[in-house]
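First, one chain by itself: the form predicted alone, in structure tokens.
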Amino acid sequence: MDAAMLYALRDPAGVPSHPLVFLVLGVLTWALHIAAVQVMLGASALTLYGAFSRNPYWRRLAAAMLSTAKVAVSVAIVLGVAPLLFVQVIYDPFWYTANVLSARWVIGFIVILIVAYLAMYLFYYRNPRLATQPVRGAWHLVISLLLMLVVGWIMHVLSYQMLLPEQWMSWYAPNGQIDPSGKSLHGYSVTRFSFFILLSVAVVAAWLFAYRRYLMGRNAEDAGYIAWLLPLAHRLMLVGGVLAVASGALWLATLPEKMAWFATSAWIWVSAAALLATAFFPRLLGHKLDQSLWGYVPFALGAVALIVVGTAREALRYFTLFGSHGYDALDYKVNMDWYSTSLFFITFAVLGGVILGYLLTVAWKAGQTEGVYTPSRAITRLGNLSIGLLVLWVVQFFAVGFYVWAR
């Protein structure tokens, strides 16, 4: 498609800050989102396997991973909003076109996600004592997992279709006949989708290392269960590393011609190094995994690796659209809005930091305490500060809104 046409599809109002800000935030928030997605997928798979095992440790792990999966879905949904907003700001000609071409699936996305979420909760409701009682209604979790994959496939297709503007007209008007129904999913790459889904094996392995270290803080925790978790996490990390490299190589081998440059770029070597470091680092740590915060390092390193992979993914999008279609996302017209930009970063750093810090601290302390947990005065003050900041944010938001309206 002609570059002039793509530029004409941009929002004439421009963007409220430099496009690079949206590019960087898009990568970071996508990495956090995909980490939650992969934890959810891996935890769901472990739940299904462990629920039918006679091994009491597997049953116990299944119950823990079920709780992990349902929380991970919530986190993935919340974090998934941000990268969508950022990508639609600077890639709006591509993102909106891709959505219109498959409009029914875009609308169905929400319905499918709701059904998948409810199916997981129904399984959770029917198995309150999964660690000790026979599994009931396993098909609910199977349906949930399959529908989650369908949701992921829809998002994959939309992201891939935006990279192929040269095919938009053939999809919209096949054989010269206009089809405005939006009923079809047009562009996709099975190998690319498989790579990001199979990464969940390594990610959930990293999560197991952190889960195991967390349990070691409980005095009454079963030492046998903790010892059993270690080789399982190592095996999953090794398998996950192999699957990531193999599926990634297959994806690179099947790249279309205009994206073939990506297969030999520095982005790939850096990403591969980050993934391999994540896979082998737990082996290098050895007994340090049982000490201090070292047990959490594999998951932290995995998060960094996902940011690296997310950066490479963004580079593929940016340079493909720039090199093949002459579209430069970084030359978007800037109509600087200091209020909205400042509000975002203050909300993220101050409000988000304090509230998230309070919630994580309470969750950590409660999990490490036998019986009923009573927060200390310092933590209580942190909770009150969180509420106060949230109220202050709401008040200033409406105050500014009324001020602008009154003018």
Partner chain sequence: MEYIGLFPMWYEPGIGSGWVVGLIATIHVLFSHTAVGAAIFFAYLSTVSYQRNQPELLEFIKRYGLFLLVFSYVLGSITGPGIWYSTTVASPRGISALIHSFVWKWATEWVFFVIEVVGVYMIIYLVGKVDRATHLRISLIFGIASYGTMLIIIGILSFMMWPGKPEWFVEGGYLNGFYGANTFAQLAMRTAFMFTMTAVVGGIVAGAIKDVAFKREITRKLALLGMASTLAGGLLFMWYMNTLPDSAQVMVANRLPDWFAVSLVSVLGGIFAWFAVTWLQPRLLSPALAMVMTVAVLVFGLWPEEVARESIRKPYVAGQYVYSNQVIARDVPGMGIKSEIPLIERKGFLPTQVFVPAQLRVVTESNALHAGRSLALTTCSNCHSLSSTGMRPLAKYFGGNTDVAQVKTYLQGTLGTGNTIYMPHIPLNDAEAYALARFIVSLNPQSLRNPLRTAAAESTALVAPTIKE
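Residue numbers count along the first chain shown, from 1. Computed from a prediction, not measured in an experiment: that's the story for all the values here. Rigid core: the largest C-alpha set superposing within 1.5 Å between the two forms.
What comes next is about the form predicted in complex with its partner chain, which is not displayed.
> Answer with one of Leu330, Leu230, Val304, Leu85: the residue that has a non-hydrogen atom within 4.5 Å of its partner chain in the model of the complex.
Looking at Leu330, Leu230, Val304, Leu85 one by one, just Leu85 meets the 4.5 Å heavy-atom criterion.
> Consider the chain as shown here, without its partner, and state which of Ala266, Leu284, Ile110, Ala223 has a heavy atom within 4.5 Å of its partner chain in the model of the complex.
Residue within 4.5 Å of the partner: Ile110.
> Thinking of its partner chain in the model of the complex, which stretch from 174-182, 257-265, 133-141, 273-281 has heavy atoms inside 4.5 Å of it?
Going through the listed ranges, the match is 174-182.
> Check whether Ile355 has any heavy atom within 4.5 Å of a heavy atom of its partner chain in the model of the complex, and answer yes or no.
It does: once its partner chain is placed as it appears in the model of the complex, Ile355 has a heavy atom within 4.5 Å of it.
> Do Thr191 and its partner chain share at least one heavy atom pair within 4.5 Å in the model of the complex?
Answer no; every heavy atom of Thr191 is more than 4.5 Å from its partner chain in the model of the complex.
> Determine whether any heavy atom of Asp92 comes within 4.5 Å of a heavy atom of its partner chain in the model of the complex, and answer yes or no.
Within the cut-off, so yes.
> Is there a non-hydrogen atom of Phe322 within 4.5 angstroms of a non-hydrogen atom of its partner chain in the model of the complex?
Judged by the heavy-atom cut-off of 4.5 Å, Phe322 is well away from its partner chain in the model of the complex.
> At 4.5 Å, heavy atom to heavy atom, what parts of 362-388 sit next to its partner chain in the model of the complex? List them in sequence order, or say none.
The stretch 362-388, when checked against its partner chain in the model of the complex, contributes Val362, Ala363, Ala366, Gly371, Val372, Tyr373, Thr374, Pro375, Thr380, Gly383, Asn384, Ser386, Ile387 at the 4.5 Å heavy-atom cut-off.
> When the rigid core is used for the superposition, does Pro16 move between the shown form and the other one (threshold: C-alpha shift of 2 Å or more)?
Shift at Pro16: below 2 Å after core fit.
> For Thr380, state whether the C-alpha moves by 2 Å or more between the shown form and the other one after rigid core superposition.
Yes, the C-alpha moves 2 Å or more.
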